[in-house]
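In structure tokens, the next block holds one chain alone, the form predicted on its own.
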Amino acid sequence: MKQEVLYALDTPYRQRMEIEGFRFGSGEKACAIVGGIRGNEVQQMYVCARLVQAFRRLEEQKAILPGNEILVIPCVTRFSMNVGQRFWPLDNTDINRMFPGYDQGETTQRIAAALFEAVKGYRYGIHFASFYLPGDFVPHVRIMNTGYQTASLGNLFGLPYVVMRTPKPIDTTTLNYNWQIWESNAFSLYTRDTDRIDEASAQQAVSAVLRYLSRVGVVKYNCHSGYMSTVINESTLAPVLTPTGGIFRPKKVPGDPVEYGEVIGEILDPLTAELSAPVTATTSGVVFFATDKPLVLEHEVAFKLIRRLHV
């Protein structure tokens, strides 16, 4: 294992910001893995830290196959994490909307440029990402439909779902999209939590990455086969909106089956705790996403459901 500083930036507060990477094996650039790009992505950083431990053991056992280099970057924005801000604290910009970056530009553009320079050129790119809506997911792999993607590779992770996303203009500045444009097979992995550590889904994510790298011939690792992934298109997910504002009390969690019209959540009056309105399923299927906000406004996304295709 080689630990190195990939990029350093002097900051006006505290110590300078450093992006540290861990290299395993040697030879061709096989796989780059990136954890927390945003300051609240604690779970994503933790999963990568667990992967650092796993790769160190595999390297000691000579189980990283010859001619393969793996790079792991657990945390990109330690400065944001230290001050508890999701985005870059000085101007509230999102680094994962700055790729491929510009080394003579604004601070976040320079950070993105340095990170992308470090991770481009790898055959496989894995990013532990978080969603713009706060909440919990069924663990899944997300792939952008850029025309450069290889969707079948997503099944090799053995996670319950592979989600295909048609990129919108805002997606063209993400790490995943630019990885693909620069000819890497790029995947975004989502676990249940973001700003809290969930041990069960963290272990599931670690196993998924090791399973994938074993199946594509980068490491030698024995594990169970995981799930036979279901491929879904993000546009087919059915949103469930809150009928009114108030205290949100969910009755279902990601992975739970639901029936059309079933009460899957409740909105309570914030001053009396009386029931203001039920939140009902808009289709029969499985809960894919559930918000974890305690207070919601009217017409917010409370759940996203995977539609049941067959009775």
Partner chain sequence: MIQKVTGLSMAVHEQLELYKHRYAPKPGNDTGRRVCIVTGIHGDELEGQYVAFLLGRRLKEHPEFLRCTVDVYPAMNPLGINTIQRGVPLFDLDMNRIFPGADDGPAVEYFAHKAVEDMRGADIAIDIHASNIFLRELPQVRISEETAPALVPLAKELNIDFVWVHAAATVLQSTLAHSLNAMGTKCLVVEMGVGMRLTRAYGEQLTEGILNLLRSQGFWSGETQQPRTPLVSKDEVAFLNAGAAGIFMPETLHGTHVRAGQVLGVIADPLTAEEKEVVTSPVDGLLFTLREYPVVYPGSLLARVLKQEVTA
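Numbering follows the first chain given and starts at 1. It should be emphasised that the depicted structure is a prediction, and the values quoted were computed from it without experimental measurement.
Note that the form predicted together with the partner chain isn't included here; everything after this is about it.
The stretch that touches the partner chain in the predicted complex, counting heavy atoms within 4.5 Å, is 240-248, out of 258-266, 240-248, 24-32, 52-60.
Interface residue remark: residue 123 is not counted as part of the site for the partner chain in the predicted complex, having no heavy atom within 4.5 Å.
Interface residue remark: residue 90 is counted as part of the site for the partner chain in the predicted complex, having a heavy atom within 4.5 Å. Contact check for residue 110: a non-hydrogen atom falls within 4.5 Å of the partner chain in the predicted complex. Interface membership of residue 275, defined by any non-hydrogen atom within 4.5 Å of the partner chain in the predicted complex, is ruled out.
This chain is displayed alone, yet in the predicted complex one of 217, 105, 147, 84 has a heavy atom within 4.5 Å of the partner chain; that residue is 105. Only one of the listed residues (228, 170, 223, 200) places a non-hydrogen atom within 4.5 angstroms of the partner chain in the predicted complex, and that residue is 170. Residues 269, 270, 271, 293, 295 of 268-295 are found to place at least one heavy atom within 4.5 Å of the partner chain in the predicted complex.
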